[in-house]
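A single chain, nothing else alongside it, follows as structure tokens in the form predicted alone.
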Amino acid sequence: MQAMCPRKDLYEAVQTVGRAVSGRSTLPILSHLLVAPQGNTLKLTATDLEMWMECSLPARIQASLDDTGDGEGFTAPARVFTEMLGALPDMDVQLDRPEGGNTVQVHCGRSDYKILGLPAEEFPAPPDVTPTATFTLPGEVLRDMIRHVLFAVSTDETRVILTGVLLIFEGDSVKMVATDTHRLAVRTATVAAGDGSATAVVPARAMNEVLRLATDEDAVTISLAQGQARFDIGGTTMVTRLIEGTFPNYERVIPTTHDRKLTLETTEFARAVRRAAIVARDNANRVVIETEGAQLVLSAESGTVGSVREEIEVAREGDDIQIAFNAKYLQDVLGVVETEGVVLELTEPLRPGILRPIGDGADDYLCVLMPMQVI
């Protein structure tokens, strides 16, 4: 087999699939990329057996006389292949496997490499995803949904089910939910085209990769199957194993009523929280929020740093209240809200609060925040 394509295109494809390469596996083949001809394209594949990444790019393919013609391609060590392509001049790269063996010759300009691979037949094939539900979302919408919930995913490996994002597709609606038990983020969107219904818990790592791969101009097709999910994004396909188990009943955590409502300007609130967090981080990130008429006072104290007091304007409905929240959790949610204003719905100092955006799509997103003890 002989193939030729621009170095820049090949390098970008290798970097894309290389995100799925295993760094700690005892199977040597998992540290390799599989490069195989497919019509007039080269298909690159990498996996760690939890996630498969495939990327296709146009290439000029020619079978050599000694090629086996089986189209299985060759493998190359991902790290070496990536470093080599990153160092080569920006010209066409020629890949040649003249004897159909495990060695690939790489020629670019005045540079020639012989890279030792492993048998292509040892490379694990991606799972066959037979979807029970399929739907398509604009890349911009999908990216927004992921950003709005991903920060709330748990990093505690003892509760594996919470280390993923709950994905619920039914009818013309798709919902994403994430929680680490201290906060809960829920984002809903309308689906223009879809078939079937399904519920799945997608690993946070896979969601991060979708966020990185998708652009606002892409249309992303998501296929959910038993134990697997597939994301088709342009010329890239990602297949990931789903997290098995039962996601907690998140709906019972969401307060259904409130007797206090604080309306705030998003940027001003976020800046005040960020300044208060400088002191709060030495005291479990505790920021106390207290209403004083038309003012909202944010304060934090630390035995090693000192104290801080911030005042911002607030439109308050209901009685005054004093409540404490984790400053980092406030910063996380305020960092993804893009509307000019937000509302904070509260009941009592030790009951959860809900932060919602104001404006277009306000009903599509909410974040529940558990309070801290006011000291």
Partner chain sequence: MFRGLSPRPPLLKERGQGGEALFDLAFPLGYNKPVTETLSQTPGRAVVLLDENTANRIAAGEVIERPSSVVKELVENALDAGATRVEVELREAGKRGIVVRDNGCGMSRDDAVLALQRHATSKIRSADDLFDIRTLGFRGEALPSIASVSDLRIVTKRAEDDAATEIVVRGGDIISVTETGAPDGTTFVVENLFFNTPARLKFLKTTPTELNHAVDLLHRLSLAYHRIAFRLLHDGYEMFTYPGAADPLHAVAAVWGRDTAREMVPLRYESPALSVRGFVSKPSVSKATRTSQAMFVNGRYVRSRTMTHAFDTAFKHLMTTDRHPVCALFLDIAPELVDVNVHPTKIEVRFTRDGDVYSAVHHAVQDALLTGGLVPEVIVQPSLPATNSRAESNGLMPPRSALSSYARTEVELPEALTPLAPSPGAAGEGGVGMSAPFSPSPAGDARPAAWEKGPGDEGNPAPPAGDGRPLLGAGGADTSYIGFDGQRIGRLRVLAQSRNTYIVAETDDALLLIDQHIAHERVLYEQMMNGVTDTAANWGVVAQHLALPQTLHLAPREARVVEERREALARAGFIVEPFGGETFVVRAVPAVVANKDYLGVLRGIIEEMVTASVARRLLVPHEAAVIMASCKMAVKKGDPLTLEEMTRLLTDLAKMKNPFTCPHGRPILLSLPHREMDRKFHRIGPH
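Residue numbers count along the first chain shown, from 1. Note that the coordinates shown come from a computational prediction; the quantities given were computed from them, not determined experimentally.
Not pictured, yet referred to below: the form predicted in complex with the partner chain.
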Among 129-137, 276-284, 74-82, 225-233, which stretch has residues whose heavy atoms lie within 4.5 Å of the partner chain in the predicted bound form?
276-284
Tell me, yes or no, whether Leu88 is in contact with the partner chain in the predicted bound form, where a contact means a heavy atom of each within 4.5 Å.
no
Would you please decide whether Thr291 lies within 4.5 angstroms of the partner chain in the predicted bound form, comparing each non-hydrogen atom pair?
no
Any of the heavy atoms of Thr237 lying within 4.5 Å of the partner chain in the predicted bound form?
no
Contact of Asp172 with the partner chain in the predicted bound form (heavy atom, 4.5 Å)
no
Sole residue of Asp218, Asp96, Glu301, Glu268 within 4.5 Å of the partner chain in the predicted bound form, by heavy atom:
Glu301
Of Ala315, Leu49, Leu27, Leu350, the one that lies within 4.5 Å of the partner chain in the predicted bound form (heavy atoms):
Leu350
I have Gln2, Asn40 and Pro124 flagged as a candidate spot, so tell me whether each of them has a non-hydrogen atom within 4.5 Å of the partner chain in the predicted bound form.
no
If you look in the predicted bound form, which residues in 361-375 sit within 4.5 Å of the partner chain (heavy atoms)?
Met370, Pro371, Met372, Gln373, Val374, Ile375
